[in-house]
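Only one chain is included here, represented as structure tokens and corresponding to the form predicted alone.
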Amino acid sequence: MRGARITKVDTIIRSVLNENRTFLMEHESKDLIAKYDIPVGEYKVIKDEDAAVKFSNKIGYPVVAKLMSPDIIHKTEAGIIKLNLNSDEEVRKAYKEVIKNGKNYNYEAQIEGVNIQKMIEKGIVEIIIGSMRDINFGPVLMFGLGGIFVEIFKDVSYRVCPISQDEANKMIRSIKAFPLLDGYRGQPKADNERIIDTLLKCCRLLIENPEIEQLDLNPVIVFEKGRGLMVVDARIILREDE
């Protein structure tokens, strides 16, 4: 299936490997998965404070500011994320602070810019879609509750790619927290059809791009039925060229 891969995805992967990197920054990961029509929202890596304010006004408040650096993987630990910014003044302050915090965390870190993106509204539930590449079976897809819950409850399911629509549906239904997606106690049902669609697209992405060693979409905000989902954070790690 190598001939079916999307050319622009190959360009992103080659560019990262040519820089002797295997870790894709968030915006690079989102650029890549967006080529497979996986929803990532509006975002832009900004290199000056005024441009950050201008773009924030374009997409509308509230927004999020995240420092982008190939040398800082764990953004929360480094203090380089500022959420729920509601004014030009807050964006200017956040822009300066994430750069300062990034340098304090790693003085030698290369700074690519500050990623400004729309603050995503609260949905029905947060999920995680991840993968690893098994030496015998190839890409293995993971699904479960996202955010901090994946670490606490470890309520996840696995399937070897490729998967069918029926198998994707079973992945969703096999986790203990499925009732949260299915209208628990009168709550709205989540858009499970869009989750299934996204799982299938992730499998296609992994099969067509064997350079991808790990995929981590977490959290993914799932809205009520008919309203889709949105990837809030994305991380991709590539295999080193052999």
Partner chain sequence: MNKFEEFNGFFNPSTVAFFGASNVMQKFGSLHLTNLLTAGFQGKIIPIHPNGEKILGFKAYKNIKDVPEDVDLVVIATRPDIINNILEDCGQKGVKYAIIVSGGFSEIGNEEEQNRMKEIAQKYGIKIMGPNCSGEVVAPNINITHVPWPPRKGGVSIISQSGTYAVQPLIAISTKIGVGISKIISVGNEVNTDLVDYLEVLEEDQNTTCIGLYFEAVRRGKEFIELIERINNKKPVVIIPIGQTEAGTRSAKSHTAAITSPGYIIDSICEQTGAVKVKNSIEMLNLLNGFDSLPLLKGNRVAILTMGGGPGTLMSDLFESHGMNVPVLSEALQEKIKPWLPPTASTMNPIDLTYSDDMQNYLNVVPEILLKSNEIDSLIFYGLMGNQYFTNILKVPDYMKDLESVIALKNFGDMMDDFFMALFDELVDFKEKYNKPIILTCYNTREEKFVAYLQDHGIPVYYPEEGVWVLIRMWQYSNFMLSKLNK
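Positions refer to the first chain, counted from 1. Every value quoted in this text rests on a predicted model; they were computed, and no experiment measured them.
Separately, the form predicted in complex with its partner chain exists; it is not shown, and the next lines address it.
(request) Name the stretch: of 110-118, 76-84, 95-103, 137-145, exactly one has residues whose heavy atoms fall within 4.5 Å of its partner chain in the predicted complex. (result) Going through the listed ranges, the match is 137-145.
(message) Can you work out which of Asp155, Glu167, Asp71, Asp88 has a heavy atom no more than 4.5 Å from its partner chain in the predicted complex?
(response) Spelling it out, the residue with a heavy atom inside the cut-off is Glu167.
(request) Using heavy atoms only and a 4.5 Å cut-off, determine which of Val125, Ile163, Ile172, Ile128 is in contact with its partner chain in the predicted complex. (result) Contact check passes for Ile163.
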